[in-house]
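Here's a solo chain for you in structure tokens, the form predicted alone.
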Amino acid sequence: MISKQKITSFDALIIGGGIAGGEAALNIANTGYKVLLIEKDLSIGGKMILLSKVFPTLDCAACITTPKVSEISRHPNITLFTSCEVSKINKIDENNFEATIIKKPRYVVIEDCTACQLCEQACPVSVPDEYQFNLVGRKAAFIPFSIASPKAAAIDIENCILCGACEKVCPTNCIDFTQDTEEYQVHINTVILATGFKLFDPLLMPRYGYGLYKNVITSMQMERELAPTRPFNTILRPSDGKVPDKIAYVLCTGSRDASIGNPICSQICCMYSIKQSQLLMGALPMADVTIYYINIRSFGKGFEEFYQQAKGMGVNFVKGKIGKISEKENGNLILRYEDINENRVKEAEHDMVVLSVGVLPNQDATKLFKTDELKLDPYKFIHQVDSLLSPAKTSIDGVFVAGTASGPMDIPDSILFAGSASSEAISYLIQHK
């Protein structure tokens, strides 16, 4: 059952609560406009809040993100909706949009939850934890992660057995199984699309053995093993819980490959792999780390120095394309690759392989607009009408794009583009008073 209701108008609707959406929301709200920030997940912060450190400075990602998401949550001009999706947006006329928002039930009254985690301890159901990228399990009654915002429990109703154990131990009686999906009709004056990106699914490249060999993991799984809120106390390989001695990175997994539908460079894979390799050298001083690459694209400020620093720390760089990965009986992995410098095929054994997955467009925003066409570029990212003078403008007047919704970019560029989008949105609001 869906309950329908209307809420008051807002000046700006921002879709996506990652670093770009959050930055845009704060910029607009600080000028006095009312902002509605929509996030489909249980917490704002996007992918950045789940990272270990950022390149090339190795600053703590959570230390940067947590104060920002806290400010967003407390800002009087920002209304935050989590577990929500925008189903459609109609442009009625200039400076006038109507959006339909679907709010999914959390089955917990956020305002009453104290994040005591007693419901987690009482819940008898364990399922894979998507916030730890399935490296460990979580309960059906759970807090997404320790620095989530809002930090409140949620009930995974699909896996809940309705035993009532969580209700019995909740000290504030905040668990409410009577919550229904709610539909809101919202009037807004401008829209910012900060829907982010999707990561390439390495199951689409079966020759790498992801999903078949336990010790082949993705870069985001390794990121969680390195993060302060990590699932383990050290770096472990999934098959047997041993600390790995020889770790390999396979760059351009799902990037620069027309055969899987993504011929462009994802721009971040080289540097986040080099960042992780440096962190691994610090966490496991005796381990060997090898990066297999096509080209190292260290194009940003301080990137080349960061790359040379990794070389100096002992990270081994091999210019070669991986053809196939196979598994030995002990769980170790054999990488068959072409050594481009020596012009011959080689094999190397590693006990853990990290696939540096690429960036793919999130095309969810294209389904939102029913009366106008949101144009995409040839690679399915949101088209920038004037990428030099007004990079945030889209094909729909009054709709702007921020961050990686318009193409692959790193965190500083995402924040920069969010500033552009918020400036354009504020200018649009002023012009159409």
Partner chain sequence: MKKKIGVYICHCGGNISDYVDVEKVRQAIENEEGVSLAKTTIFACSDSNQKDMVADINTNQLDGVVVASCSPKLHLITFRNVCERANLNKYNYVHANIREQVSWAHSDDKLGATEKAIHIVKAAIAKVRYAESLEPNKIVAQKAVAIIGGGVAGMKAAIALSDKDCPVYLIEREFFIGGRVAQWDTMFTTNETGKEVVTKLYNNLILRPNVTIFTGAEVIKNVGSIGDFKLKVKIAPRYIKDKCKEGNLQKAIDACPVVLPDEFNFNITTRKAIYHNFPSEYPQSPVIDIKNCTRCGKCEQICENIDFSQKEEILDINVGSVLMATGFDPYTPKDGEFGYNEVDNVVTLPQFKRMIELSDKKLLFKEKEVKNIAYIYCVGSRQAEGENTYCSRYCCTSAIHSSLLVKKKFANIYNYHFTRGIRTYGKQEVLYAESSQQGDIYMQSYEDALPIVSRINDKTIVKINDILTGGKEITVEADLIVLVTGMVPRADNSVGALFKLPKGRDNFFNEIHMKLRPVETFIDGVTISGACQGPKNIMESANSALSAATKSYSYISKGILETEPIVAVVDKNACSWCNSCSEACPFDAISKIEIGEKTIASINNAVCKGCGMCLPVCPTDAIDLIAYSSKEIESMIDSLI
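Remember, it's a predicted structure, so these values are computed and weren't measured experimentally. Residue numbers count along the first chain shown, from 1.
The same protein has a further form, the form predicted in complex with the partner chain, not shown here; the description that follows concerns it.
Proximity to the partner chain in the predicted bound form, taken as heavy atoms within 4.5 Å, picks out 141-149 from the listed stretches 197-205, 141-149, 216-224, 95-103. Interface residue remark: residue 264 is counted as part of the site for the partner chain in the predicted bound form, having a heavy atom within 4.5 Å. Using a 4.5 angstroms threshold between heavy atoms, residue 296 counts as touching the partner chain in the predicted bound form. In the predicted bound form, the partner chain sits beyond 4.5 Å of every heavy atom of residue 85.
Taking the partner from elsewhere, residue 341 is found to have a heavy atom lying within 4.5 Å of the partner chain in the predicted bound form. Although the partner chain is not shown here, in the predicted bound form the stretch 288-313 places heavy atoms of 295, 296, 297, 298, 299, 300, 301, 304, 305, 307, 311 within 4.5 Å of it, in sequence order.
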